[in-house]
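Given as structure tokens, the chain that follows is alone and in the form predicted alone.
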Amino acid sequence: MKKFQKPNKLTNKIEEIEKLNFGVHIRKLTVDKTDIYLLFILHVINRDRFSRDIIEPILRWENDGALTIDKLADSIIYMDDISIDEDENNIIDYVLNGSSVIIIPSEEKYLIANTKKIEKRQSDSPEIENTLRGPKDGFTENFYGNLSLIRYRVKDVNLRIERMQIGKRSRTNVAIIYINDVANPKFVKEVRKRLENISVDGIIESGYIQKFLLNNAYDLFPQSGIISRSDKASAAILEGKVCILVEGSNLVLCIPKTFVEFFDSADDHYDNIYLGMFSKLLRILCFMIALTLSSLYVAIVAFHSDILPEQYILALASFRASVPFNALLEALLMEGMVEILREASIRLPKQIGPAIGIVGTIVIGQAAVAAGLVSPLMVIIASLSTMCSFVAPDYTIMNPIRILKFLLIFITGILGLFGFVMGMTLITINIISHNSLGVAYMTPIAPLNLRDFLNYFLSDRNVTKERPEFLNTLDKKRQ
């Protein structure tokens, strides 16, 4: 252990760090009879920059006069991101964050140089939000790279990026991004408050933050959206929303988020106005199909087959002649099989995942029909329901449907069409009762705002010249 002739708070801290032995390297340099101590963690710093921009210029320094921290910062160190601090209790935090700390034992202050090494991959085409016409650059796990993608598109001087660290042990960087003269200050204040109130050991992915943004930990429907495309995140910021960027995550959170906005795609704003309107209506229809189709099958087959024309009743009876299960068990069996195949295709490696989906859909479905376990109509219904569950650009809105459709099938199988109506009523009440940062979840449908309703479906900046009224932005006009 190092012993100093004239100990002070910094030299005592060096001895304490060396005694803790948690991986901090202490490198001693001697220049013109002045000892300089460099504190760093070898595997988290950029060693090339550290050697080239810190060690080399210090060892080459030959000027007369005493070597001080101020002189190191002003005329010797080549690093662009440096700062000076006097609180010795912050040294460990700086080192753990990837910085190098430079200490001269005779001084009360020390120098911090950002030598953090960032492992990153190239910005690839987003895997979650695919688009035909939009740009192909997506967010990666690189925190500063993601910030640069947003800065690249939003060059406004009023763009604000507030940084904080969350996680007592992980010390994860989190950024709140908004436009100061557009975003509603109440939204910014509430987001900042919720993030500051997070007390947890570590934040590994943005999904951790997303759960803390919920009004209630047991809420089923998401209240913040996820964005993997830099163009869509920039558009949300320009709209007056608040984006949250988390270090180590390739998904940006966007809040507030209403129910219908989960069905909005970037292509809707780039393509023809009528195509965008048609696509949104189609996605909402698919949402309803994914939720209700299997339940309606159970209600009709088990309780209300008389509502069908006679020829369809006979065809339905012939389909189910060899099926040993009632409609409820048949629907649960087929939907359960589909969920197993979906989960398997997600977890398997990329090379064989699609093959499992094809084999499961064609081979297993055909085999189930041939064995008489399910009717051909049930296979068609389950396949259509599954396809409809993939159309939402933000898949998080479809996750609750995977759970609710089983609940709806079960209650319909017991009470028939009455149970179906009661189940849909409960789901509707649950959706309407939600809010995102105080904004009603079903806005602009309930409460009805005709202007926002039309602006949502038109998706054309030539027509929708004002920002959504429910965001209550400081700047109301888009153009």
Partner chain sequence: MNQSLSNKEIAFILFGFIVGYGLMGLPKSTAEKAGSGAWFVLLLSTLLAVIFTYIIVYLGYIHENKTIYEYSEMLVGKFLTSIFITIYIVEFFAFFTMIVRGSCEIIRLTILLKTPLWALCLTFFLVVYFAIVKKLKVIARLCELYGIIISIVYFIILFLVSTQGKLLNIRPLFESENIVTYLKSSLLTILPFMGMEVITIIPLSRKKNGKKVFKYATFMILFIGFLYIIAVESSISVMGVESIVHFKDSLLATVRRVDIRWLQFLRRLDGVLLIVWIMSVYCTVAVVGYGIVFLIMKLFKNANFNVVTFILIVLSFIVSLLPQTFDQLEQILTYTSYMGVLTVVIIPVILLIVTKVKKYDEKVK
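For clarity, every value in this text was computed on a predicted model and none was experimentally measured. Residue numbers count along the first chain shown, from 1.
There is another form of this protein, the form predicted together with its partner chain, and it is not shown here; the text below is about that form.
- Annotated contact segment (heavy atom within 4.5 Å of its partner chain in the predicted bound form): 420-428, selected among 52-60, 36-44, 23-31, 420-428.
- When its partner chain is considered in the predicted bound form, only one residue from 117, 169, 304, 136 comes within 4.5 Å through any heavy atom, namely 304.
- Distance criterion of 4.5 Å from any heavy atom to its partner chain in the predicted bound form singles out 312 from the list 395, 274, 152, 312.
- Contact annotation for residue 67: none of its heavy atoms lies within 4.5 Å of its partner chain in the predicted bound form.
- In the predicted bound form, residue 308 approaches its partner chain with a heavy atom inside 4.5 Å.
- Within this chain, residue 454 is remote from the site of its partner chain in the predicted bound form, having no heavy atom within 4.5 Å.
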